[in-house]
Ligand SMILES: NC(=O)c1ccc[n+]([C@@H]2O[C@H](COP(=O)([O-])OP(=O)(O)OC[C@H]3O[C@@H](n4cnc5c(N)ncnc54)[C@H](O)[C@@H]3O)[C@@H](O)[C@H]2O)c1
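This document opens with one chain alone, in structure tokens, the form predicted on its own.
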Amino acid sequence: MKKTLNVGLIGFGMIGKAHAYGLATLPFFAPGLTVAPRILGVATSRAETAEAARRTLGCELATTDWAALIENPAVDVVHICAPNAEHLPALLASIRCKKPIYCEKPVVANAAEAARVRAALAETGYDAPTQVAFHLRGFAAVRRAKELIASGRLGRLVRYRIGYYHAGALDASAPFRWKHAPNGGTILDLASHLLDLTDYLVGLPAELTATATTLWPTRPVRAIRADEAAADVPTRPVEAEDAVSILTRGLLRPTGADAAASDPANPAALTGVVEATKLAAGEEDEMSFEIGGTLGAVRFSLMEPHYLEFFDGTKPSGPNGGESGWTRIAAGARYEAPESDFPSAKSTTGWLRAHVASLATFYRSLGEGGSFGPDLAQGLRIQDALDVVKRSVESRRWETL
């Protein structure tokens, strides 16, 4: 029988909900795990949102006192999903209680806070398991890219480009949020993911230069109503960047597998471009990278996460192309056990999301009456069409629906 681990969830915004959803579905995705996490309690900033979260989760405890939840002896694991500026106190409390921690990125807001966390870890002798939610490492295609790089299939790395592209900061009327405060910003929000992926795939650079920009210096303190002008709403200064561009060269510590990416005679030979922006018109949630070496290259797009593209430079070109060209590797949901065996390995990334949407449509029909999705009549209509298909197969003629 699996050991049950009681989870204390700190925060229930969009990211907190993502953690809760992941925990709820984990028994299906990873049945081989030897532990079974369950959310015991949730803490939010207001009593009404905490109680609403408790009802949604079906958990036992709802509180505005996140410290009490962490200190509760029944809580075995802490998930920190609060805004960036609120991570530090929850981290310190969890460390003092020596409880395992799953923390959202960025871990803290600045280097001074990071130093306090390191000091607390040393002072308490903390040795419980921890993880930061750099979830982009979780795509099978990204893991395959790491395998190809580590095995030397790309040869000596010479360049990389990695970017994260959103469009949310383009709208000047969008109201001020915590991400526009000093402990928000694109560097902490998006570039944290990019630098972690750079470290995971290539290694952190020895040197970098960066530039950042903020498009709108002020933002309205609240949403602008349809019956008022923008000038009627007070504004607040924006104190965080909308975009950052980083140029890099060399490797911080080229050892082990990383040594293959470093030219001893020219440590700066490996160069990179890292770009994080919320000013990318037309983008949704695009993260992409391309990494090239002396023998080949890989590239990936978050908008097409089923595939990793690999160029094997050792395959010869020739008349009509020879064997040279990019190969699309169908990474899909091909994970190692026990991390996942559901859905099928060939299922496209996001396949389950469509099932959730279908269930939501059905339960909306039950709640509001009527039918909001494809009903039984539609199912029968499609069944008739399938019969015509079968008839055509047998007759080898054109058939009419």
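When you see a residue number, it is the position in the sequence shown, counting from 1. Since this is a predicted model, take the numbers as computed values, not measurements.
Keep in mind that the form predicted together with this ligand is missing from the display, and what follows is about it.
Visitor: In the model of the complex, which of the listed residues (His193, Lys99, His180, Lys278) lies with a heavy atom within 4.5 Å of this ligand?
Guide: In short, His193.
Visitor: Pick from Glu113, Asp242, Glu86, Asp76: which has a non-hydrogen atom within 4.5 Å of this ligand in the model of the complex?
Guide: It is Glu86.
Visitor: If we take heavy atoms and a 4.5 Å cut-off, which stretch out of 25 to 33, 364 to 372, 351 to 359, 41 to 49 is in contact with this ligand in the model of the complex?
Guide: Among the listed stretches, the partner-contacting one is 41 to 49.
Visitor: Counting only heavy atoms and a 4.5 Å cut-off, does this ligand in the model of the complex sit next to every one of Lys146, Tyr307 and Pro343?
Guide: The answer is no: none of the three residues contacts the partner (heavy atom, 4.5 Å cut-off).
Visitor: Does Gly296 make contact with this ligand in the model of the complex, using a 4.5 Å heavy atom cut-off?
Guide: Gly296: no, not in contact with this ligand in the model of the complex.
Visitor: Is His135 close enough to touch this ligand in the model of the complex, meaning at least one heavy atom pair within 4.5 Å?
Guide: Yes, contact at 4.5 Å.
Visitor: Quick one: does Ala82 come within 4.5 Å of this ligand in the model of the complex, counting heavy atoms only?
Guide: Taking the distances in the model of the complex, the answer for Ala82 is yes, it comes within 4.5 Å of this ligand.
Visitor: Please run the contact check for Lys105 against this ligand in the model of the complex: heavy atoms, 4.5 angstroms, yes or no?
Guide: Heavy-atom contact with this ligand at 4.5 Å: present for Lys105.
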